[in-house]
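Shown here is one chain on its own, the form predicted alone, set out as structure tokens.
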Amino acid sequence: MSEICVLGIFVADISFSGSKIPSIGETILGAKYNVGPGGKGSNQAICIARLGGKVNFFSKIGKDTYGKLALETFKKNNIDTKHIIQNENLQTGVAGILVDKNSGKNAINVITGAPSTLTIEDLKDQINLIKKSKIFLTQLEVPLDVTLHCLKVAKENKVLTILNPAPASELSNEFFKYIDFFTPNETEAEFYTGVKIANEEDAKVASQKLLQLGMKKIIITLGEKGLFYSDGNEDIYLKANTVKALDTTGAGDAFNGGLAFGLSTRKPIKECLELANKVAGISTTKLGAGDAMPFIEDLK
């Protein structure tokens, strides 16, 4: 039985590193480029597997060069590929990532490809695995009706649910009933609350608004400022770990993977947050997304 089920997308990340992120109409000469595994769900599943968690990843890919990269990536990271749907008429997704090599900050355009056609019917076997798992983790990169259905099934079967609301999308109120942990970054939290987050106090105001929607626990990740957690009774603010960031792509995925892994080991919430914070920090010291996910030995 898998402890953690992750629903999401795989994309091939094509990242370009340069002295800055170009403005509209501007051409710059970059430093180097890299093609590697990406997609929020895939990155999160790789993170969990590398930390030693038992994970099932559900997605859809094409039968093409990037689909081959997906399968090779999952095998290399000991992630079972039998729940990945392949379709020769669809393209595996890609993401174009522009990275500022001085700050590690990025701008991303994602073409989801095959997973954008995922249906509830496609996932009927996988949904049975969700029912038997401890934790269900997902994002907003697959069709919303599929995401909602899986969250609902998980909650009805007493499975702990984590929704990483990225990219931020309009959600019906029904969504919020089935979410235990809601993990937006500061931009996504602002999208759902209208609160611009500059500090811990703003994060507290935003988390109170989010709790009123019906979710149980809110974690707002604040990049280099750390994170803010609230469940309505307890508030926890953690500073970010000090690291030399090379590339922040996938840091949020490392955080969510670390959080899911920590929760699966039944650690107290503060320890889970500290672990996830550390995992996210280490991920920014390497280039790429999926390939930058830390191994358990990197945490020592």
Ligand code: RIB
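Worth saying up front: this structure is predicted, and the values here are computed from it rather than measured. Quick note: we count residues from 1 along the sequence shown, nothing fancier.
Beyond what is shown, the protein has a form predicted together with the named molecule; the following relates to that form.
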Review point. Tell me, which of I108, L213, I120, L171 has a heavy atom within 4.5 angstroms of the named molecule in the predicted bound form?
Key: I108
Review point. Three residues, D180, K217 and C272; all within 4.5 Å of the named molecule in the predicted bound form via heavy atoms?
Key: no
**Study point:** Answer range among 40-48, 54-62, 239-247, 264-272 for contact with the named molecule, defined in the predicted bound form as heavy atoms within 4.5 Å
**Key:** 40-48
Review point. Going by a heavy atom distance of 4.5 Å, is I97 a contact of the named molecule in the predicted bound form?
Key: yes
Review point. Does at least one non-hydrogen atom of V279 fall within 4.5 angstroms of the named molecule in the predicted bound form?
Key: no
Practice item. Consider A292 of the chain shown here, and say whether it contacts the named molecule in the predicted bound form, taking contact as heavy atoms within 4.5 Å. Key: no
Practice item. Between 9-26 and the named molecule in the predicted bound form, list the residues on our side with a heavy atom within 4.5 Å. Key: I9, V11, D13
